[in-house]
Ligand code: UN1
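Below you will find one chain, with nothing else, as C-alpha cells; this is the form predicted alone, and questions on how it binds or moves follow later.
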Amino acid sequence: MRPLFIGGNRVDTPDTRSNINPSNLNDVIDHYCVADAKLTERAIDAAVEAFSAWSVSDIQLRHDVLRRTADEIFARRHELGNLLSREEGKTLKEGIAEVTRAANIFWFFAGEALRATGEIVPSVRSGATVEITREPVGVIGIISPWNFPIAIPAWKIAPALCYGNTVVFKPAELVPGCAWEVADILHRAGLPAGVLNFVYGPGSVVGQAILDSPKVNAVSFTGSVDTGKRVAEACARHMRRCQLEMGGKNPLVVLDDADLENAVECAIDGSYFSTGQRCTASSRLIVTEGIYSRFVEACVDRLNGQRIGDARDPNTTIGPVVDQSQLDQDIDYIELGRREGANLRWGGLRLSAVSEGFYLQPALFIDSGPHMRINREEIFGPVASVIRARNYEEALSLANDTPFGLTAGICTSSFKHVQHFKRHAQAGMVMVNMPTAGVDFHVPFGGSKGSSLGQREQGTYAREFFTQVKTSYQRP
C-alpha cells in the first residue's frame, strides 16, 4: 500500500484504491491511499509553512535535489517505464521514452536553478539604479492528467521547485504509480519537508479542496476543457494565476507534393501511437485531391501491419485504451461517425485478447465532412478522419476551422507553402513533415484558442508562470 506525502511524512488512510493494468484487468499493480478534503488542507498548510525557507533556499540545494532526482529516474528508466506501460497502457518503448523525458526535464531545471538571472538598469532619476529580479509565486496546486503519468508531472513540478515554490500535487486517479514514485524520489533526493505534498484522490474532493483554498497562490492544470473552465473560474474568484492545458483537434495537412511514405508515417504516428490518447494527436487528416486515394490506401496498409495487444509485449505497437469509460467514449464516437455518414474505411472493432483488457482496433474514417462531430470534438482515442481538400488554400481553411489550437502539421515539399503555413496555422505549435505529436523537453509547450490559457509550459518559458517580477529602486 502506497501512502500520501504530507509535510514530509508518509500518511496512511483507511480509504484506498487499486491501480489496475488496462492490458490485463486481473493485474492489480498496487493500492494507494486516498486523501479527503481535510488531508488536502493539511497538505496545503504544510506547503505554506515550508515556503518561507524554500523560497529563499540556496540555489545549489535546489540544483542538487533536482539533479539527484533526474539521475535516479534515468537509472530506473526501464523499471519505471515498465510501471508506466503497466498502469497507463502505452507500449513499453513509449513508456521508457517518457520516463527518459522526465529525467531530462529534471536535469534541465536543475541547470536552470543555477542560471537565475536579473537586470540592473539605470533610472531616469539621477543617482538611482533599478534592479529587476524574479521571485517564487508561492504555493502551487498541480493537477496532472492520466495520459502522460510521469512527463507532465515532471514538467510542472521541476520548474515549480526550481524557482522556489512549494507544491501540492494531485495526480490523475487512473495512474497514481509513476506520480507516487516521483514524489518518493524527490523526498529521498533531499527535498525538505512540506516542499512537495502528494495527495491522491478524486478531483471532486482533492482537486476541489485545492481550488477552494485561498492559501494556494497558483494552479497548473492539464485535462479536459470542461474541467479547465471550472479551474479558471475558481482561480478568478481567488484572483490567482492559472495555467491550463486542455484539448486539441489537431490537423495534419498532406499536399499533393508530399513524400507519400513520410506523410503516412506522420499520420499513423500522430493519430494512433500512444493509442491516440495525446492532446497533440492528429485526429484530422486533411488531404488534397491529387494524393487522397493513394494516401488512404497507404494508411490502410500501415494499419494492417499494426499489432494491438498487451502494452509490455515487445511486439505490440498499439496498447489498450486506458479504461472502460474511455473505451466506451471511443466506441460511441465511432458509431456516431457512421451515423453522420462518414465511411469507416478500417478498424473500429472492440478486440478480445489473451488477457482481458480495453483493446480497440484503430479506426480510420474517410469521406468525412468538416462539420461532423467526429471532426469537431476531441475523441482522445485511436480514431482519425480523412477530409478531402481541393488545394492548399482550402486545406489551411479546414485546418483552422476548429475551436482548438494546440498543434498543426503539414507534409509538403513546397517551401512557399511551408512558410505560409507556419505563419497562418492557428496553433501554438507547428510541425513540418513531422508528426503533430512529440515536443522536445527544452522548448515551450502550449496552444491557442480553446487549447491553452496562461503562460507556456517547459523550457525557459516556464519561469513566466512560476515566478513573479520585482522591480527595486535604490540610491546610495
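Here the structure is a predicted model, which means the values were calculated and not measured. Residue numbers here begin at 1 and follow the sequence given.
There is another form of the same protein, the form predicted in complex with 2-aminohexanedioic acid; it is not shown, and what comes next is about it.
Contact here is defined as any heavy atom lying within 4.5 Å of 2-aminohexanedioic acid in the predicted complex, and by that definition not a single one of Val34, Asn197 and Pro202 is a contact residue. In summary, the region of this chain contacting 2-aminohexanedioic acid in the predicted complex, judged by heavy atoms within 4.5 Å and restricted to 35-43, 413-421, 54-62, 438-446, corresponds to 438-446. In the predicted complex, His187 stays away from 2-aminohexanedioic acid, with no heavy atom inside 4.5 Å. Using a 4.5 angstroms threshold between heavy atoms, Gln326 stays clear of 2-aminohexanedioic acid in the predicted complex. Within 4.5 Å of some heavy atom of 2-aminohexanedioic acid in the predicted complex lies at least one heavy atom of Phe148.
In the predicted complex, 2-aminohexanedioic acid stays beyond 4.5 Å of every heavy atom belonging to Leu303. Of the residues Arg278, Arg86, Lys249, Lys170, just one reaches 2-aminohexanedioic acid in the predicted complex with a heavy atom at 4.5 Å or closer; this is Arg278. Contact annotation: of the candidates Trp155, Tyr272, Phe109, Phe365, the single residue with a non-hydrogen atom within 4.5 angstroms of 2-aminohexanedioic acid in the predicted complex is Trp155. The single residue of 86-105 lying near 2-aminohexanedioic acid in the predicted complex is Arg101, the criterion being any heavy atom within 4.5 Å.
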